[in-house]
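Next up is one chain by itself, shown in structure tokens, the form predicted alone.
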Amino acid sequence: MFRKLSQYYFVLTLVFVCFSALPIFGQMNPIKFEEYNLPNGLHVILHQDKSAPVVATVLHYRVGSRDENPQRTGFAHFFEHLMFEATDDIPRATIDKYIEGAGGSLNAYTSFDETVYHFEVPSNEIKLALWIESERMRKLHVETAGVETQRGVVKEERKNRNDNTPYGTWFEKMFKNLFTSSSYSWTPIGSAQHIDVATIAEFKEFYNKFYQPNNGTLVIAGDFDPKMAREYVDAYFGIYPKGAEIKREEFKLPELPAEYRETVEDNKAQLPAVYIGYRGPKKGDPDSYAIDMLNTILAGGQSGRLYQRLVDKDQIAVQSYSFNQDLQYSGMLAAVGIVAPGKSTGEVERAIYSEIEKIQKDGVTDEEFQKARNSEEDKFIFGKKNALEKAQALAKYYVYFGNTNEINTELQRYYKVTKADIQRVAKQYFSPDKRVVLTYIPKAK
């Protein structure tokens, strides 16, 4: 969910200040932080940055779509919405007003492995952000008025994102068939039918299981006094007891038996399209860094191999790209081609395989390798340009890596990747008998 953000002059100023404070040419000043646990298990990370008068808070809960009952999918995403409803001390439809009225912004997102909430506020409003997060953690009203409102919101979001969009079903179909018989086989948007029939009691059970201090990581980054921040955290979050230990099912991912192919008639599509998916490495796996660089070589803008071949040279596609999504226990690699008028899906599919096979056979050039390394370096450094981005990164490294200091050292993992590694992962992960191919054809009017 992306909520409407406030735009204020201090935010615009912040962007310029942060960019000017960043080092260049591949150098990055270490990001300093302190971290500790409350007695109730909440992990807290503090990063002081006085480059602009703003504070960002991130509350990362270890709950995503993979934690759901397969018969009740969409719960994690539903709570992303419901957490903006009423609490014991916050009336309905006022959280946005509190934050935007204070000159701040707010947002949240859900994935397969996480649900994350964040605020950005002027420094003098740090207590407001922490108070709201503490209220939502254990004092949310899971009741009819809010639940019924958000049922409608979630169903409308699903219609707009999936049902009424060209090729809108590809993501669900890809994960369903690429990760069959595992908890990655459904996507965070979930089933509208499951949300329709879920009861208040089921929602309360989900909330009480996962929205506990010992299932969260709180990050505060920006211009604040660490001693005062600790006092606020103790006052607002230390009042809650530790929740019951969460028993999670062991993640199991059966081998793909063979290539899966499906042709989909799409009444929203104007042009045919091909979506080709493969399983990739999990987040933090050494191979994931080589895959990132390989993806840049395949789809790094208009100079990427796929665009150059399919769009510029052969002119068989109007658009072509690839991307990878690394998850806690696995990953998804996808190559996409939107077919040009008068051309065929077969031509596009064969051209994609041809470019992959060239890398498998001949590797990549020195120029491509250096470009990919530079790209990852830029993303790593400039992806942490402000307090919110640093807060999100700090949470990620603690939760997924178990080492918050990876925010300063992960770039070294890219530097260890060689040209041979890129060729090797191309052979290992882009396997013809371990892929899902979805072909979209415009439905005849």
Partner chain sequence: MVFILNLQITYGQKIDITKRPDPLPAKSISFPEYKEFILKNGLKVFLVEDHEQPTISLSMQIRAGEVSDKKAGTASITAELLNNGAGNRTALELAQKLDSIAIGVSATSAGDATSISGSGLKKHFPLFLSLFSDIVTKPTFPQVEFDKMIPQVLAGIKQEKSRPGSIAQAMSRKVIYGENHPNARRRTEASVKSITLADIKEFHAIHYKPNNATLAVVGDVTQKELVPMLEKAFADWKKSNVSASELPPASPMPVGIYFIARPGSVQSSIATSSLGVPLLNPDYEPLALCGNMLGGSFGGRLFKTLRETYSYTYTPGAFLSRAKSMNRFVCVADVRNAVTDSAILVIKHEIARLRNEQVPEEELTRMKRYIVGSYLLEFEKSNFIANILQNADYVGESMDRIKSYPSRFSALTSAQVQTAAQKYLKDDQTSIIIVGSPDILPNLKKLGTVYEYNLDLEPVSSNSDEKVDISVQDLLQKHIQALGGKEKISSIKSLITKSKASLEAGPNLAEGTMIKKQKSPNFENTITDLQVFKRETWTNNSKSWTSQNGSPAQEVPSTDIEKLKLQATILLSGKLLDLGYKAEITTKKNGQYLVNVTSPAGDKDVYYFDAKTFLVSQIDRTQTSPAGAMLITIKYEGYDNISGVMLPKKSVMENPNFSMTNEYSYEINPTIEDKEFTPTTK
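Numbering follows the first chain given and starts at 1. It should be emphasised that the depicted structure is a prediction, and the values quoted were computed from it without experimental measurement.
The discussion below concerns the form predicted together with the partner chain, not included here.
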**Request:** Go through 107-115, 186-194, 75-83, 340-348 and give me the stretch that gets within 4.5 Å of the partner chain in the predicted bound form, heavy atoms only.
**Result:** 340-348
**Asked** Heavy atoms within 4.5 Å of the partner chain in the predicted bound form: does V399 have any?
**Response** no
**Prompt:** Given that the partner is absent here, does A393 sit within 4.5 Å of the partner chain in the predicted bound form, heavy atoms only?
**Reply:** no
**Contact flag, N124 vs the partner chain in the predicted bound form, heavy atom cut 4.5 Å** = yes
**Asked** Should D378 be classed as touching the partner chain in the predicted bound form when contacts are defined as heavy atoms within 4.5 Å?
**Response** yes
**Fill in**
Students should find that, of K371, K204, K283, K242, the residue having a non-hydrogen atom no more than 4.5 angstroms from the partner chain in the predicted bound form is K371
**Message:** Quick check on this chain: which one of Q71, T199, S354, N267 has a heavy atom within 4.5 Å of the partner chain in the predicted bound form?
**Reply:** N267
**Message:** With the partner left out here, which residues of 381-412 have a non-hydrogen atom within 4.5 Å of the partner chain in the predicted bound form?
**Reply:** I381, F382, K384, K385, N386, A387, K390
